[in-house]
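For reference, the chain that follows is the form predicted alone, supplied as structure tokens.
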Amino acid sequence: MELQSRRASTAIVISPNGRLDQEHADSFKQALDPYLIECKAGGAPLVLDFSAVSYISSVGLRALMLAARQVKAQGGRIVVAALTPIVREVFEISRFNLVFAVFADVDAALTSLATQA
């Protein structure tokens, strides 16, 4: 899975596309790893823009959990924005909305990160 990235304000916005399931979770994690390494105390926070993610499975959730743990251990910040309705439902059922700060859109995430900096 390829990720699009862009710098926005003081954060880095990462935009995966497609399904985050058994077939794509490993490639998602590998593509995300370089950004996770840099997401530490004093570094740029990450915003995961899920507006183009059509589905997430338990394997995809596991990849996100590992990312959240790594970033937390490094003192960084990672948030999720623009969940599609199906992905939002999976987040709520699995209670991942308690693991990640979830924002309605990327702009709201960036605003929140900027005010907390």
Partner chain sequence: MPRLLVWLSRIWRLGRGRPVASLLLMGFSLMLVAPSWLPFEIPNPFEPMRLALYDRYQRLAPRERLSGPVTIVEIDEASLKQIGAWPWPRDRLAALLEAIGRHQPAAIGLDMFLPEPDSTSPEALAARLPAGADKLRQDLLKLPPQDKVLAATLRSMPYVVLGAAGFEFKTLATSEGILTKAEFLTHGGDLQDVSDVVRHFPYVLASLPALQAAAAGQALLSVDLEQGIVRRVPLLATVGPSVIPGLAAEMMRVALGEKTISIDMDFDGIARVGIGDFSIPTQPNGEIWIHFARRDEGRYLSASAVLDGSAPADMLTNKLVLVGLTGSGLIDNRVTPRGDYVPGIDIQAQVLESLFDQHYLQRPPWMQRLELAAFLLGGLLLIWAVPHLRPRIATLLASILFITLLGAGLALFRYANLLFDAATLFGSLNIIFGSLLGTVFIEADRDRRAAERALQFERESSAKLAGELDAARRIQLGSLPQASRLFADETRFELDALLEPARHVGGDLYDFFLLDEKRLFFVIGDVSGKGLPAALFMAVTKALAKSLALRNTGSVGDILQATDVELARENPETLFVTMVAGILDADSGRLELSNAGHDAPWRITAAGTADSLVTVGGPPLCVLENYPFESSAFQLVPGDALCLITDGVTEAMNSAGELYGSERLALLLKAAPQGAGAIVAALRKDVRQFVGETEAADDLTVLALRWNGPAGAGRE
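Everything quoted here is computed from the prediction, not taken from an experiment. Residue numbers count along the first chain shown, from 1.
Although it is not shown, the form predicted in complex with its partner chain is what the next lines describe.
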task = Please name which of the stretches 26-34, 43-51, 62-70, 75-83 has residues with heavy atoms lying within 4.5 Å of its partner chain in the predicted complex.
result = 62-70
Heavy atom of V99 within 4.5 Å of its partner chain in the predicted complex = yes
message = With the partner left out here, check for me: in the predicted complex, does some heavy atom of Q22 sit within 4.5 Å of its partner chain?
response = yes
query = Though only this chain appears here, would E38 touch its partner chain in the predicted complex if you measure heavy atom gaps against 4.5 Å?
reply = no
task = With heavy atoms only and a cut-off of 4.5 Å, decide whether S94 touches its partner chain in the predicted complex.
result = yes
ask   = Taking its partner chain in the predicted complex, which residues along 26-60 bring a heavy atom to within 4.5 Å of it?
value = Y55, S58, V59
